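Heads up, the chain below is alone and in the form predicted alone; it's given as structure tokens.
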């Protein structure tokens, strides 16, 4: 597998350097860490939001650091949770006295390390709350998780909780809105090809030319089943059937996120979006807004995920609020 790298062992370090130098007006790196923060952090009186995870999912997570979303992202090695010490440094860097919320995707390593960091921060007198995102409806347990995995629906949690934190809400209120978002968001993905971790130098798994894997995880974890390759509309129908079975979206508004996993052309993602909109219309579900692009990838995996967020007026306000981030800029606040 050809990759544009210098050395497998230096990929994450050099990527962080590249992100910070490219975005030096809005982002900064804590010295001797893999922590990227807002350039203006900590912000007096504001609840700090921290998330993170393994590299290889770009633009997650540093792409969501900025006004209206995260205050810091902790960058782990490829598909590997950041260490508790690194997470602790992020917590300390963004705490202004109002407390810190950790937004954790439901993977065993992430949950364990972020929880350890929270305990260490509390020992230093910092108030910390945690939420765990588990939006993937594909599988209940996997080799990486107990319960459902956290995938691209995490972006909506960053956005909505970040909006409330930016408005000066308390830690209790920011955690409440994050939990509410998690309760109402569901996702599911499909893979058409594998990905290659730089240090491994070979695909993480294999799919035949005429195969696809339904319910794949963002680290290449097994999904529900492998089936023959289908037309775009049929793939969407399979994913949407399971998502729509999990929450009653009928006669409600929904936000939609069509997320490429790293190697799917925008042309194809818009075909997916087209069919999603048709299915929602058929079921009398109003589409509030749709985002199409790459938001949480899996290196160069071909495939996509679909995320639906069931909305009420409070969650809509969080999506409307302005944000200034590399991967999720929102310029209006109506």
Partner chain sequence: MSIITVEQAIAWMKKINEKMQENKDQLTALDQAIGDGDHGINMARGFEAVVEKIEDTDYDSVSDVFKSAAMTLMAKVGGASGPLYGTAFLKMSVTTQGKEVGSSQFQQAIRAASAGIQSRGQADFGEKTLYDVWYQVADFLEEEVVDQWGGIVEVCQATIEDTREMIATKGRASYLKERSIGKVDPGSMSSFYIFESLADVLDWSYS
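Since we're looking at a predicted model, the values are computed, not measured. Positions refer to the first chain, counted from 1.
Although not depicted, the form predicted in complex with the partner chain is the subject of the following passage.
Contact with the partner chain in the model of the complex, judged as any non-hydrogen atom within 4.5 angstroms, is confined among 122-130, 171-179, 154-162, 101-109 to 101-109.
Interface membership of residue 225, defined by any non-hydrogen atom within 4.5 Å of the partner chain in the model of the complex, is confirmed.
The closest heavy atom approach of residue 189 to the partner chain in the model of the complex falls outside 4.5 Å. The closest heavy atom approach of residue 253 to the partner chain in the model of the complex falls outside 4.5 Å. Taking non-hydrogen atoms only, residue 246 never approaches the partner chain to within 4.5 angstroms in the model of the complex. In sequence order, 197, 199, 200, 202, 203, 204, 213 are the residues of 195-216 having a heavy atom within 4.5 Å of the partner chain in the model of the complex; the partner itself is omitted from this view.
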